[in-house]
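Just the one chain here, laid out as structure tokens, in the form predicted on its own.
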Amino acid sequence: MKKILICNQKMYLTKDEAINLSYDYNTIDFSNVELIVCPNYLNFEFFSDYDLGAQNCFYEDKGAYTGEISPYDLYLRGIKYVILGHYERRKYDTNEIINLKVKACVRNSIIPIICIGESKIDRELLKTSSVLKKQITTALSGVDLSDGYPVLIAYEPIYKIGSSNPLAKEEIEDTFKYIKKVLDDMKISNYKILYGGSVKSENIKDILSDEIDGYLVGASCTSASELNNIVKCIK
């Protein structure tokens, strides 16, 4: 089964940089991964050859919400995925707001990519399990996932985002087993669990595992050579 590779370009690229990167993406052999590209909203058109995801959305489809992005409009534009609950967004969004956004995505036939993760203090105090469980159960509370509607869970330990090293593979696998138990207890059947947090070509070999369905990469995906090396390592 192919690994999922989500490229979260964040706000790194200008228009010209995005155009140049899109040309470079065309030189990479992505045949061995299921690629999802998440540009900023202004750069969607340059990556239209790939499955597209948005980096966030609002929880209402239409209205007087200055500066927000409609999930319905994303659906109309062919956007298949939306990243929700990323650490950089959780500074503004509560678990309850994330839940509303997940419902909005499912309502508009968009697959949510729900980011979860604990802080370093949470892990040191042995609160990882309770923190992750609350994030998952609240985000998916009342969400209609009947008939096997898919959901992606991206586990990103907060203290590893932007660091030099990812979490150890054994720790990732143990955490994934717990996440699976939470999802299974919620009777959610169609899910994939990904790892994010300092994923680079220099360390991805250390965290390749059958327990990991894919990877969420940030800055690394804005360099074609770095991304190409990541894809080769996965292969």
Ligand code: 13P
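Because the structure is a prediction, the values reported are computed rather than measured. Residue numbers here begin at 1 and follow the sequence given.
Keep in mind the form predicted in complex with the ligand is missing from the figure; the text below concerns it.
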### Query
the ligand in the model of the complex: within 4.5 Å of a heavy atom of each of Glu34, Ile111 and Lys192?
no
### Message
With a cut-off of 4.5 Å between heavy atoms, is Asn43 one of the residues that contacts the ligand in the model of the complex?
### Response
no
### Task
Give a yes or no for Arg77: in the model of the complex, does one of its heavy atoms lie within 4.5 Å of a heavy atom belonging to the ligand?
no
### Query
According to a 4.5 angstroms non-hydrogen atom cut-off, is Asp93 in contact with the ligand in the model of the complex?
no
### Task
Classify Gly214 as contacting or not contacting the ligand in the model of the complex by the rule of any non-hydrogen atom within 4.5 angstroms, answering yes or no.
no
### Query
Where, among 158 to 166, 120 to 128, 133 to 141, 68 to 76, do residues come within 4.5 Å of the ligand in the model of the complex by heavy atom distance?
158 to 166
### Task
Let me know the one among Ile19, Ala224, Leu13, Ala219 whose heavy atoms come within 4.5 Å of the ligand in the model of the complex, would you?
Ala219
### Task
Heavy atoms within 4.5 Å of the ligand in the model of the complex is the criterion; list the residues of 118 to 139 that meet it.
none
